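Encoded as structure tokens, the following chain is the form predicted alone, with no partner shown.
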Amino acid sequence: MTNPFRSLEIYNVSIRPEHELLRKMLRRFTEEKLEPIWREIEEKDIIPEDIYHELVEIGAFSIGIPEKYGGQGGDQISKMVVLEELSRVIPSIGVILDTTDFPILALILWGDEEQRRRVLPDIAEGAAGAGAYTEPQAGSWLAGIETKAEKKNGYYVINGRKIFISTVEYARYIVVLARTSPPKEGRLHEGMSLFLVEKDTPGLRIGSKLNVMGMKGDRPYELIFDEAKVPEENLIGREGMGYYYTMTLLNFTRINIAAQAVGMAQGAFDKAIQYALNRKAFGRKIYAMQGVSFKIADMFMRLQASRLLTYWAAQISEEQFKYPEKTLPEVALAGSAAKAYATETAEYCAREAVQIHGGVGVDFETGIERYLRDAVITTIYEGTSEIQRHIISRFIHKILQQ
């Protein structure tokens, strides 16, 4: 056993020429299309419609969707490349693509053929998705949800409230976690199911937009379900398996957040090193000062470690597609490690980039401080850093007992 995996072979990361071609294409797109509009997105808090359409055209929404359902195919590492490169300039685009992965993954893993053929081609053409599981009393404590779904006359009638739901402005499909049977003492995680809900469903009301500190362009909303009628054929997988399905989805999407964070860390690093090489103080460029150059070195080390950890976790997650009904400890471990480390790296790099810029680093117009606001959020959503550490320690113990 190798700390705590069975073999060193698990550390293999397969980067292919097509991954690099994808990265170069996206780098051109971000520099030509996204870099000039970051200020507009920050001020208006919306992704411009023309940019959204261009994201669809370059295939940002179709990566990971099999070709037979209108997608480009592509493995998990391809998805990381897309998320990293786009988030390097506009982190909120990474949020949209991450949440859209909820219906994509849910249908690929547990959906029936009719659901896949009806929904996946639509998503590939830009119909974004969202995941609604968080509730006011149930954030990190997923087993504490209270939203109910009662089966009546060919429908599931959903009542409840969700909060901090991203991508609501752009989404057409929302994967909703609700209770289909009452909670049992000591077994609160049982009796939940997943549903595919369209945003225009009668009884689903979009509530308040939450004024969070960052991620301008895709900030979260509250969702209210008041006798929302969802056709029973929109049940995803088996009734009662919703908690387990959601935990598996989070094992995937946490890696997405890690890739988003790597992109943000890279963006902050790029701006810090560019400034340090041009800014002069005391008669020399500040890059020549040890206090600054050591910051650059520390940012570089953490950034590269985060990228390797993220791509490694993405490689491991491919195994989950072979065992959709089984929780793979290795995937959970790698995903949580990548999410915690990469998001904390993004916060670190953003903070150091601000410090290197000095006074102009806290000026909105320079575009530096936004990375810090956004990075803090990545350490919280889809499981806080503390929750990731809990998951890591729990699964290490589980594996070592095998």
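All figures in this text were calculated on a predicted structure; none of them were measured in a lab. All residue numbers refer to positions in the sequence shown, first residue = 1.
Here the subject shifts to the form predicted in complex with a small molecule, a form of this protein not shown in this document.
**Q** Could you tell me which stretch in 226-234, 261-269, 125-133, 181-189 has residues with non-hydrogen atoms within 4.5 Å of the small molecule in the predicted complex?
**A** In the other structure, the partner sits against 125-133.
**Q** With a 4.5 Å heavy atom cut-off, would you call residue 164 a contact of the small molecule in the predicted complex?
**A** Answer yes; at least one heavy atom of residue 164 falls within 4.5 Å of the small molecule in the predicted complex.
**Q** Is residue 18 close to the small molecule in the predicted complex, meaning a heavy atom pair under 4.5 Å apart or at it?
**A** Because no heavy atom of residue 18 falls inside 4.5 Å of the small molecule in the predicted complex, the answer is no.
**Q** I'd like to know if residue 212 sits close to the small molecule in the predicted complex, meaning any non-hydrogen atom pair within 4.5 angstroms.
**A** So residue 212 counts as contacting the small molecule.
**Q** Does the 4.5 Å heavy atom contact test between residue 140 and the small molecule in the predicted complex come out positive?
**A** Within the cut-off, so yes.
**Q** Would you mind picking the one in 34, 377, 337, 55 that has a heavy atom within 4.5 Å of the small molecule in the predicted complex?
**A** Comparing distances to the small molecule in the predicted complex, the residue within 4.5 Å is 377.
**Q** Please tell me which of 217, 111, 71, 220 lies within 4.5 Å of the small molecule in the predicted complex, judged by heavy atoms.
**A** Residue within 4.5 Å of the partner: 220.
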